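Okay, so here's just one chain, in structure tokens, the form predicted on its own.
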């Protein structure tokens, strides 16, 4: 036996201050296995080209995807698809396999310039919103988006996994805390104790609900609180140019705020964006933002798709799609009220409590022809398992009505 084999595992185990894979997998992997056994994961499909409808390759079963984040239905818009095709024909290269810090295509610069103009702030475009979070958060923690001195990083308990995943990296730079969801008193207590504090949260949460923006802005005014939002789930779905929930409530994005967004959800393309209140921060982030400066970036078809979506965002078609989404949300809330009914955003959670019930409910919904993903710990708190429903503009009224009818029947079957 080697010295390595004889080492006691307790001697090398991490402190698990910010993540604990062993415990998370121990608790939740059985539920993932049940979902897999019920054919709710690893589905292999053909896209029908209409309305997020799919056909299972193995059986031919048709169903409507109710877990798509393409809230306006733009991901299959003919103009956006054509934009991707035209871009690769024009540039004659899939992507530049090097850091955009050193060399960038003119198309990349045009995309950033047009996004900055559309959203009326400085925008950096990156491979994904997750890359944006990974790039910005450690630089923010070290104080290099402020005065060069570390900030205490307060992560909301419900902040998305792509942000929470960066806690260990931030903890190498500064103190990291986790606060109860939207707890302004907790955040203020931290602000009273420490002179430099950043709060990290979603604008619109992936399981529904929104940040308490008015109270957070008051804390920023009073204490200089730095605000970091991932608002990926609200880009495009409302407001004149689709700037997202957080940006829509502000006169401007100030220099103590960063907003992350996705171009792969309501916007209908792919990639992520960073909205900055201080232009001077752009170069620091490009140089020290980890994956932001690596050789992976949005490819040429993706840029072409995003530029085509930008043109749609300048036309009345955007408003028409937003209004249709709003109608579908209101109809769903009327027919099947949930905890987030009435908030105007498209994410709903039908709660079933026990993980087995959530999987069974998702299976019944799939039998009815709707794919709704079962969610359980660590996605939601233990005992709060359910199925997630995402409303979209390209659902017909009759389909929303049938969706609600099937949810009601499923609830009766599962809960009695």
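Positions refer to the first chain, counted from 1. The shown structure was predicted, so the numbers you read here are calculated from the model rather than taken from an experiment.
Missing here is the form predicted in complex with another copy of the chain; even so, the following discussion is about that form.
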Counting heavy atoms only and using a 4.5 Å cut-off, do 41, 150 and 177 all touch another copy of the chain in the predicted bound form? yes
If you check 75, 121, 206, 328 against another copy of the chain in the predicted bound form, which one has a heavy atom within 4.5 Å? 75
None of 315, 117, 109, 254 but one has a heavy atom within 4.5 Å of another copy of the chain in the predicted bound form; the exception is 109
Since the chain is shown here on its own, which stretch among 222 to 230, 317 to 325, 244 to 252, 100 to 108 would lie within 4.5 Å of another copy of the chain in the predicted bound form, judged by heavy atoms? 100 to 108
Can you work out whether residue 347 and another copy of the chain are in contact in the predicted bound form, taking contact to mean some heavy atom pair no more than 4.5 Å apart? no
My question is simply whether residue 45 lines the interface with another copy of the chain in the predicted bound form - judged by any non-hydrogen atom within 4.5 Å. yes
At the 4.5 Å heavy atom threshold, is residue 51 in contact with another copy of the chain in the predicted bound form? no
Report whether the minimum heavy atom distance between residue 265 and another copy of the chain in the predicted bound form is within 4.5 Å. yes
Even though the chain is shown alone, can you say which residues of 376 to 395 have a heavy atom within 4.5 Å of another copy of the chain in the predicted bound form? 379
